[in-house]
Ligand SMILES: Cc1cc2nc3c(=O)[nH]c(=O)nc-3n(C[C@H](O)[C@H](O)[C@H](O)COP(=O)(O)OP(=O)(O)OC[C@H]3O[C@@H](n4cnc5c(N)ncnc54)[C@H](O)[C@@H]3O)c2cc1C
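Read the single chain below, which is given as structure tokens and is the form predicted on its own.
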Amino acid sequence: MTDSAPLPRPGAASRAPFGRRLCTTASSRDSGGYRVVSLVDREGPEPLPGQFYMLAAEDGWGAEDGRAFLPRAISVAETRVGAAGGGIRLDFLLDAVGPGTRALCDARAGEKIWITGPLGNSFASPREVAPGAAGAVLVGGGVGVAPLALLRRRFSERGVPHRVLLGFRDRAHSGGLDLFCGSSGALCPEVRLATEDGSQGVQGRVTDLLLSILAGDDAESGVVYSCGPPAMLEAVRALCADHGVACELALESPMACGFGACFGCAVPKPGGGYLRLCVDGPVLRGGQVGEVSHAYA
């Protein structure tokens, strides 16, 4: 199978409708220490892999009891067209790290959440990144596995050969792993795992798995796609640069608006100047990034 049908790039079909809109929470479930919250969007287009939404709970958001005032930028992990009642189901993988994400994690079926999106750009097909590429390697860590779940499905639908490498701290912090399971509940065969304590998969870091692939003779025939913590992304960027392999990285940075007005997510370019991750990203080619800084997140 070859990369015969490129992924669509952001265009009219993936641009956010003007303004924010209220969506109904369809379900909320535990996932390896995280939460998967599903919303039904009856107005927006279907997002592309790598795009994100700005989310805010309808009730209590911005109150004087310490809750967040700004919405939270969250990557979409999975979609399903034709949700119950019409519209598109949007799945988000959430980690309750503060009052804003905690409020989103606490949403239950029937409750409303404000969304703006889809925003940002998306991952490109392997041949758009490197003309001679025949396949892809997806590398994810922690809550950053979310956009790779949707990318994996799109690659599968288009017959793009791919491997998926996922890394977690331990079994208790393996949120989103079920997004990479088939209908039987078993992990998809192209997925390999690494955990720091060895409780699942091999013991070590996901970049150890990547290094073993990049050391192969045909490494340059693939493109690496990655999302995860800044230190992991920097390791992926450096490994790909050392081995002459093209890569795309989905980065994150604090955002206030999500559409380029506030410049809160501006990050430096290698040759000077800045990129706004919300509109120039969040997906950047490896050569666009001098070093993935911890300050981004």
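Counting begins at 1, following the sequence as shown. Just so it is clear, the model here is predicted, and its values are computed rather than measured.
Note that the form predicted together with this ligand isn't included here; everything after this is about it.
- Of the candidate stretches 152-160, 90-98, 121-129, 166-174, only 90-98 contains residues with a heavy atom within 4.5 Å of this ligand in the predicted complex.
- Scanning T195, T116, S75, T207 against this ligand in the predicted complex with a 4.5 Å heavy atom cut-off leaves one residue, S75.
- None of L179, V224, A107, V143 but one reaches within 4.5 angstroms of this ligand in the predicted complex through a heavy atom, and that residue is V143.
- The closest heavy atom approach of E252 to this ligand in the predicted complex falls within 4.5 Å.
- Taking this ligand as positioned in the predicted complex, the only residue of 256-291 that brings a heavy atom within 4.5 Å of it is P282.
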